[in-house]
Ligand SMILES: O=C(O)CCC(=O)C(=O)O
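This document starts with one chain, in the form predicted on its own, laid out as structure tokens.
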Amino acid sequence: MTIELRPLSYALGAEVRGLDLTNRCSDADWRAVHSAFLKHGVLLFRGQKITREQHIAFSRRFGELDSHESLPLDRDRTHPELLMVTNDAKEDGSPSNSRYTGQMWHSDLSFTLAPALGSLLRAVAVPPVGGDTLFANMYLAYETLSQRMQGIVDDLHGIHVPERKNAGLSAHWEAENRRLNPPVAQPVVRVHPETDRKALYIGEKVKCFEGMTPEESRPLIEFLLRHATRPQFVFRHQWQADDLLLWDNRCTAHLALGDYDPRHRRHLERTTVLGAASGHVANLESIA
């Protein structure tokens, strides 16, 4: 069956039809998927009843997978390539540390020196209503800035920290997260290595700009976030069980919505494709 693409929104995103990922993706299909990935930024594969091993194998077609050593308490014990995004309680009955994962605008692993190239998130169980994920086209966010503003942000570095928006995570998780992930300065504008287009690289994990105080930085950070996440730049994905969603972290940002009844199970599993080395460890005094 020939692969078909159905656009999901004006700004970004396409559904891939005619591909069964329980079988190995042929080289011809892979080329079509990769081309669509670069064009649309977000790809949806619906009804994919795949195993964890099949999820990992397909993900490896895009590059080396992260073993999530920066988030060891959130990864699966037997499959370190899989990061759990779940509200399932832990074995001791305490709340999951990953139940709030993604509930702020961000690009995956921006707080590390090897930010993600791509992410592939598989829905195992989703609530009947809510829990959607928003994606913003960061190419458009950059390209629609004035030339003067582009000139301002082209030379800035944002300092990214590995925080989560909601409180209540375990003290052990918080301490380990801070130890493993010191603040990292990343360029605010990055050139996509495969398309050569410039994209904003900004999110809510950015606390300030390098060489500027948080107070000086905050108005510009807030402006860039508001600008980048305007409705005309955004696609909203409503999850179904057995969805596999792939996105390009080099030109998109995303936000998971917590607008669902927590009594319903929400369990997703993510592989993360490592990108090129980027950024440098920031001066801790910069965000004091």
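It should be emphasised that the depicted structure is a prediction, and the values quoted were computed from it without experimental measurement. One rule holds for the numbers: they count along the sequence shown, beginning at 1.
There is another form of the same protein, the form predicted in complex with this ligand; it is not shown, and what comes next is about it.
Heavy atom distance at most 4.5 Å to this ligand in the predicted bound form, all of T101, L121 and W247: The answer is yes; T101, L121 and W247 each reach this ligand.
Which of 45-53, 228-236, 252-260, 31-39 sits within 4.5 Å of this ligand in the predicted bound form, heavy atom basis: Careful reading of the contacts points to 252-260.
Heavy atom within 4.5 Å of this ligand in the predicted bound form - the one residue of R75, R190, H157, H106 that qualifies: After the contact test, the surviving option is H106.
Answer option from A185, V85, A141, L117, heavy atom within 4.5 Å of this ligand in the predicted bound form: If I apply the 4.5 Å criterion carefully, the residue I get is V85.
T133 within 4.5 Å of this ligand in the predicted bound form, heavy atoms: Result yes; T133 sits at the interface with this ligand in the predicted bound form.
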